[in-house]
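What follows is a single chain, given as structure tokens, in the form predicted alone.
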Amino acid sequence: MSTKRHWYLPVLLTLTIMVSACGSGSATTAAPVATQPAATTAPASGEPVVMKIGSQFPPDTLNPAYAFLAASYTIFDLVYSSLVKEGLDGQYYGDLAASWSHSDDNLTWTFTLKDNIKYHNGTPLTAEDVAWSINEIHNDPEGWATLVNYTNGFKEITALDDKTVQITLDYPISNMEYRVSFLYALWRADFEPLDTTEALQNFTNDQLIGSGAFSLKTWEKDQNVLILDADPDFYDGRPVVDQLIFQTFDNSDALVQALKVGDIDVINLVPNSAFETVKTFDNVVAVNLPSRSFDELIVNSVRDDNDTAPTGNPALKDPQVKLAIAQAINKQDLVDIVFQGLGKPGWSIVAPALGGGFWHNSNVQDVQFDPAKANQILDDAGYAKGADGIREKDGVRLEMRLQYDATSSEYARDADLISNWLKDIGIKASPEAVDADTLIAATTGVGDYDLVIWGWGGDPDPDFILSIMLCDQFVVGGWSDSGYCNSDYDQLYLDQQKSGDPADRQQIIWKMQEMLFKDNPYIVLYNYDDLYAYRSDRFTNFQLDQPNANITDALVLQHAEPVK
């Protein structure tokens, strides 16, 4: 499991919370003041409190304009601020904003900033900085393809004074708090000179300046170490932990051993194969939480008229071939064998755990594992087996690349199993481990692949995960990796963004899921649990019992405490 996007936010939001977050009410109301817990003080010993966090998944970049991997967004959440953020209870709390309200017609939102907010270099942060940052994203959809969808429907973003940001809209937006929670307050001096898309996307941001609870000290890529220091002047109070050290390990055995002997304090995403073993370690607590993440088999669906011609096997354009592949994969075996039962078979990009299940269309029945039926589908479609058992039609052999992110041990096992199942129906799929950067370059905007195993972490709202299938997202720097393009789907995406009624929006989103299920740009494999572990003799108070907790959430790490 190695997700492309957004930190892991396992969530079991109740319907009540979800509807509240939608903000469908039209009355002008003062929004709740930040619900963030009060700051605590550093330990009396005077020794710096350092927490070492191990993982197998490093950030791909610190530039939010071009970040794809979830590990990057973990760092953004700790270093950057936004007007509001999602809390551990699923409610939105004021991050930069002390309060916010909207007009009766829901077309004007006003945010009032907290006092004494500063960037990590000591410069005061004002409403003008926030407005500039959101305008920067809103006005450059090509350069900021990763974040621009959060500003869809925004008409004007202005600073009324040093502490007041006003956003006017073209139409009412039902998930406004969610939208602005991903619009970071950027350091203007770094981004303003980047006046071309190429310049923006080539910017490494290795000296990232934010205003969040932690500041970037260093990122030693060659050493796989990234260090964050607590900001002593953080506007919501200095974090208890003085320093966070993120260490990336090349293999799962070394990662687990480091926790066992105390070289690290936390594992973010314990390898499934090691979870039961980790649970037996002395002074270690291991936790599994349901997630809104999923892994999928990406099927090259790039159109032939793409700017860069796709190189995928042309047979993948045939719906019957895609259906046969789906029919040949035993998803329950993937969960049981690869994930030790810590997950469930899946079919939709909208995970059942997202929004307490409100957005997931449970009316759709997944295709069942049935290799005999898969063979029959290919026979009927005219794909005949050759002497070597590989099927062929009109000179096109069903011989394909099956690539996956090399950092994930689970994907390697997935690939072996899937390859064998496809062989049974006359499709040769050759597994190949590829580094994440190469996979991103081969998939986004290009289509130089056949089949790829990868995964996604979900936002708290389905908007983002639905956007990865939009036509205009299949560009370099965009989110689409399948190349799927359907104008009807795109229109439904806009319709759900404009829908102010949760029930109506639900019906639109259900229809979008049905459309993707039929067209199969992704064959979703499963939804897995997120697995964490920490040294209970070193740290406590991780608050992982909260419905929206994950171990690298900014609030969790701000309030974790050393054991006295």
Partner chain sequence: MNRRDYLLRKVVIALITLAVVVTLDFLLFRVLPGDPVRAVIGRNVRISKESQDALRAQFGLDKPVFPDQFFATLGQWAKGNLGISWSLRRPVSDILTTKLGNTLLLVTLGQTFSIALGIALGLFAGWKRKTAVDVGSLTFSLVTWAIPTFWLGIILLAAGSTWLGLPTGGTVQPENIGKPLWEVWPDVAVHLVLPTLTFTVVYLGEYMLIMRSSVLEVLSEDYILTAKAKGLSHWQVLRRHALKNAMLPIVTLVALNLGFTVAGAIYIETVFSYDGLGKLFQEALDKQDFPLLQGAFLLLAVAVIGANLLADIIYTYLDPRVKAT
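Numbering follows the first chain given and starts at 1. Predicted, not measured: the structure shown is a model, and the values here were computed from it.
Another form, the form predicted together with its partner chain, is not on view; read the next lines as being about it.
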#### Entry: D222, I227 and G477 each touching its partner chain in the predicted complex (heavy atom, 4.5 Å)
yes
### Task
Quick one: from E198, D307, D105, D394, grab the residue that has a heavy atom within 4.5 Å of its partner chain in the predicted complex.
E198
### Summary
Among T126, T158, N486, Q247, just one has a heavy atom within 4.5 Å of its partner chain in the predicted complex, namely Q247
### Message
Is it the case that N268, even though its partner is missing from this view, gets within 4.5 Å of its partner chain in the predicted complex, heavy atoms only?
### Response
no
### Task
Look up in the predicted complex whether D253 has a non-hydrogen atom within 4.5 angstroms of its partner chain, and give yes or no.
yes
### Query
Does Q320 reach its partner chain in the predicted complex if we count a contact as any heavy atom within 4.5 Å?
no
### Query
Closest heavy atom of D437 to its partner chain in the predicted complex, within 4.5 Å or not?
yes
### Query
Heavy atoms within 4.5 Å of its partner chain in the predicted complex: which of the stretches 352-360, 143-151, 70-78, 167-175 has them?
143-151
### Summary
Restricting to 61-96, the residues within 4.5 Å of its partner chain in the predicted complex through any heavy atom are A65, Y66, F68
